[in-house]
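Take a look at this single chain in structure tokens; it is the form predicted alone.
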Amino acid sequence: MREIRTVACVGAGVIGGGWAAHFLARGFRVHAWDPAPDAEEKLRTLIDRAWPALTEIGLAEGASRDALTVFGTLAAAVEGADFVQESGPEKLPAKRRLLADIDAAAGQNVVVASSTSGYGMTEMQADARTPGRLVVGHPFNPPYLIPLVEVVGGELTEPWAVAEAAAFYRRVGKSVITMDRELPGFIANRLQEALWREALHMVANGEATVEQIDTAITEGPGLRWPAQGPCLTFHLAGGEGGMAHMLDHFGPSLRSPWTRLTAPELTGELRDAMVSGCAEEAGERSIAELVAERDRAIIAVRRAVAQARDRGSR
């Protein structure tokens, strides 16, 4: 694995900016580029807001926000970078063009990873001259706090690029799933999407409010998932018989019409209901205040789970 000291973040929105904050906190130099005219101002604001949370969980030696340089061109940002994290718009033609441009500008054998939330690398790497070094490195928002990264290559990706990307992410403190094959939406987003679709159905049909849905998760199954996930959770639901008993006993309920995984039509009425519901739940809290609240909660949950596991292993 090559020595990585400088990371280029191409795209500096919520995800790209979150990546930049994470890499800075891990002690790397970060080169950033985004075509938006106010990109640098927004990026530095995002990093400033994330820095207290990053400081609380621990900065790497030498970590500094001053290690960020924002460039005026993509080529300048990528030049000299040892690893590239692309976080451009989630539109396939744009992804193909952007990855091809990065591939043309990046140094030889530098891995280029995409933060795409759903596209497969096979369809994104089609226009690249050296597609073997292109991989998916799919994070979860916010990338500076959520450890998960799903790594998978495309049909033209070389195995060494997948291995190097996974090793680098682990080095910077990420929990990596190296997927065996491409899957639209990857693993986490497919699970999240199923829950999201059912939530939209319930709001559309007047069966639950936005706040009731959020409370049902934060005060219900969401409390179990950080520790053991849905599969082990149901394993415990089977008592001493474990998953086998759970499936034998509750398996018939899978045929019950509890869920509707087909997405509902996003009508104007449903859109307005979701927007107004979130505004009502947020109350007087601004987006910045909600982000800070979320970050504090994530840190607390991660620490609590780590402490519980540590006590259990003694």
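Residues carry their position along the shown sequence, with the first being 1. By rigid core we mean the largest C-alpha set that fits within 1.5 Å across both forms. Source: prediction; values computed, not measured.
Not on display, but discussed next: the form predicted in complex with a further copy of the same chain.
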property: In the predicted bound form, residue 144 touching a further copy of the same chain (heavy atom, 4.5 Å); result: yes
property: Proximity of residue 157 to a further copy of the same chain in the predicted bound form, heavy atoms at 4.5 Å; result: no
property: Any non-hydrogen atom of residue 70 within 4.5 angstroms of a further copy of the same chain in the predicted bound form; result: no
property: Residue 171: touches a further copy of the same chain in the predicted bound form, heavy atom cutoff 4.5 angstroms; result: no
property: Proximity to a further copy of the same chain in the predicted bound form, single hit among 167, 76, 104, 217 (heavy atom within 4.5 Å); result: 217
property: Heavy atom within 4.5 Å of a further copy of the same chain in the predicted bound form - the one residue of 213, 161, 98, 124 that qualifies; result: 213
property: Site check 90, 178 and 304: each within 4.5 Å of a further copy of the same chain in the predicted bound form by heavy atom; result: yes
property: Contacts with a further copy of the same chain in the predicted bound form - residues in 213 to 235 whose heavy atoms fall within 4.5 Å; result: 213, 214, 215, 216, 217, 218, 219, 220, 221, 222, 223, 224, 225, 226, 227, 228, 229, 230, 231, 232, 234
property: CA of residue 55, rigid core aligned, shift of 2 Å or more between the shown form and the other one; result: no
property: Core-aligned C-alpha movement of residue 256 between the shown form and the other one reaching 2 Å; result: no
property: Outcome for the Cα pair residue 142, residue 272 in the predicted bound form, compared with this form (closer or farther; change of 3 Å or more); result: farther
property: Distance direction in the predicted bound form for the C-alpha atoms of residue 297 and residue 45, relative to the displayed form (3 angstroms or more); result: farther
